[in-house]
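For reference, the chain that follows is the form predicted alone, supplied as structure tokens.
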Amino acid sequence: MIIAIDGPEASGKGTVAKLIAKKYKLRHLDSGLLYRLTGVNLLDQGITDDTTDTFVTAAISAANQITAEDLDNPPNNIRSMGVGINASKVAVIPDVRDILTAIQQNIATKKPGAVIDGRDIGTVVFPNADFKFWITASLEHRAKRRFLDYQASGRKDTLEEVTQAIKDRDYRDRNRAASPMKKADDAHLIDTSKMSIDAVIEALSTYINAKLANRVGKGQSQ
């Protein structure tokens, strides 16, 4: 079973995906982690200027070097703003996306399946996923969530800086030529702005269970 959960940064899709994966005993795969691993590799090398050929070549090389161990044991700075910015830069490179898409498909199609969260899972990586969700929230709510996360980890970013960084990330993700971030036509929309995490999980579970029950019913009637 493949469950695709897409949405913009700080919408809550990662937390939701982990909990849904646990509930349905599936593997959780954070596609953004693959791009962050590529981004952190470049950042460690001091490569941040995405207008150069060096950036593209290094990004392709870094993507090719990602291993399962990297996914299970990411570096401590993987969630930093700098890594996130670099991740969105490498995400526009078609060759990088092809490499990382293949990794996702290889991992998620192994039994028993997976819950994958990202920005193009339901449109590009798994267009025929069993279930598709688009998890979103207002910019205000997303920025506040990320700001509180940073504060809890001891970071000093201001709310204004975090808000602008998310706006910039949204723009890059939506306007990139390769696999732009967008809601799949058949994805179920859930706005988490004013919902608790328990309410979000309940909403997804209700939708999934109803569709599963419908499939069983159709199978029994045939």
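These numbers were taken from a predicted model, which means no experiment stands behind them. For every residue, the number given is its place in the sequence shown, counted from 1.
Not on display, but discussed next: the form predicted together with a small molecule.
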Distance check, Ala129 to the small molecule in the predicted bound form, heavy atom within 4.5 Å: no
4.5 Å heavy atom contact, Arg119 to the small molecule in the predicted bound form: yes
Non-hydrogen atom contact Ile135 with the small molecule in the predicted bound form at 4.5 angstroms: no
Contact label in the predicted bound form: Ala91 to the small molecule, heavy atom within 4.5 Å: yes
Within 4.5 Å of the small molecule in the predicted bound form, all of Gly12, Phe147 and Asp149 (non-hydrogen atom): no
In the predicted bound form, segment of 64 to 72, 153 to 161, 186 to 194, 25 to 33 with a heavy atom within 4.5 Å of the small molecule: 25 to 33
